[in-house]
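Let's start with one chain on its own, the form predicted alone, as structure tokens.
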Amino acid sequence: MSDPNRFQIMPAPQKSTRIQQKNRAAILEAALDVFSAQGFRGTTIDQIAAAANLSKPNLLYYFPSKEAIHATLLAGLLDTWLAPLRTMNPKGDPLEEILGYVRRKLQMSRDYPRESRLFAHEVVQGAPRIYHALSTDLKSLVDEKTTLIETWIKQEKLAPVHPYHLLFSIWSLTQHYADFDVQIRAVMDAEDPFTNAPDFIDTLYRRLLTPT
């Protein structure tokens, strides 16, 4: 599902014309396709220009380099990626808050598979362009939420689990549906994996986290 608003982190100049705004959005949409399939190293400006139906000089009018396009995509992606975890409410029911987070992450894999693969490519390559954000913004948010989970466990509102590994398992399980989409659909044939995945994952984490 395409959401044009996710590319508003680095807006075009205020005096840009409608056609300039359209071309900028086309470049970012095309770049997302190419980067998510080829990774940063495998992508060229020529490939992005061709996918956007623009000439290379025209593309370079909007973005000076491949790095600039990639940075714009990653900036918007990181904010989107952190939003579901930020939404976890300390005052809510602990089990339902975590299950809600799981559902939001799975929904993101369904709605933003290319963004998930873009993120995966970057991390597999050592996260050279986003490591600072991972070690600061992401880490501080995860530390905050793991502390909250530990508090819920001490209050016996959740079964005892390692909070960091709980979050890691949620990330790996939910993002698998985007990053390994081809493999999943090859195995499941015509069945939509997202039809039964929410109930299965909900049951899995509900049984794991419900206090005994």
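All values reported here derive from a predicted model rather than from experimental measurement. Numbering starts at 1 and follows the sequence shown.
This next part talks about the form predicted together with the DNA, which is not shown.
The stretch that touches the DNA in the predicted complex, counting heavy atoms within 4.5 Å, is 48-56, out of 151-159, 48-56, 181-189, 165-173. For the chain shown alone, residue 37 is not a contact residue for the DNA in the predicted complex, no non-hydrogen atom being within 4.5 angstroms. When the DNA is considered in the predicted complex, residue 43 lines it closely, a heavy atom lying within 4.5 Å. Though the partner is left out of this view, residue 196 does not reach within 4.5 Å of the DNA in the predicted complex, counting heavy atoms only.
Remark: residue 70 does not count among the residues lining the DNA in the predicted complex, judged by a heavy atom distance of 4.5 Å or less. Within 4.5 angstroms of the DNA in the predicted complex, the stretch 61-80 places a non-hydrogen atom from each of 61, 62, 64, 65, 66, taken in sequence order.
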